[in-house]
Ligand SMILES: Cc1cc2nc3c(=O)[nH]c(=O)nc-3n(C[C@H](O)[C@H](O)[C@H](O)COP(=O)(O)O)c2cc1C
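Okay, here we've got a single chain as structure tokens, the form predicted alone, with questions on binding and movement later.
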């Protein structure tokens, strides 16, 4: 780990999105806002078809109530299903299931279940209609809070009503050990990253950072 600052005269490229091709801007955002967690979202279509798709524009949107958010670029099957049923399941992807997750990113027709396409087993959820992925280390059942139009994208917010977390992930403090979770993250393009290279930083208090002018060195 290094604390070396970049040079102040480092060349920078300034880009105005208003003057750029939207697709080019998308690629830039996709490459620099990294690493991003992957929301592996399962939904149920109105005709009963189970859908499963990864969305890497996602985050925790709130904690009271616990709320998750993911964004779909355009009105994809996931969004249509959430509108129809009012719920979804947000799974965390670990390294062991990365290749199967990638299969579910294929542009399959709405009447094709990605569970079957990727050879994944599904099981019933406890509080929502959407099924869960058997073998995913974390699954969070969500009921729809709202869908927000952001240009041609759709941001979906869901309230977490049930969590399912593999017992093996908990440490002696009863917290999830990131090493045991072994989550993967999305980078730009077709590149992914593991979360195996980690370091700790203790958050300082303002008092720790404050310098007393009377005792400061000249």
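Residue numbers count along the first chain shown, from 1. Predicted model, so just to flag it, every value in this text is computed and none were measured.
Same protein, other form: the form predicted together with the named molecule, not shown, and the subject of what follows.
Listed stretches are 143-151, 130-138, 94-102, 115-123; the contact stretch with the named molecule in the model of the complex is 94-102, by a heavy atom cutoff of 4.5 Å. The named molecule in the model of the complex comes within 4.5 Å of a heavy atom belonging to residue 51.
A residue is said to contact a partner when one of its heavy atoms sits within 4.5 Å of a partner heavy atom; residue 27 fails this definition for the named molecule in the model of the complex, lying far away. Of the heavy atoms in residue 38, some are within 4.5 Å of the named molecule in the model of the complex. Interface membership of residue 84, defined by any non-hydrogen atom within 4.5 Å of the named molecule in the model of the complex, is ruled out. Of the residues in 69-87, those that come within 4.5 Å of the named molecule in the model of the complex through at least one heavy atom are, in sequence order, 71, 72, 73, 76, 77, 78.
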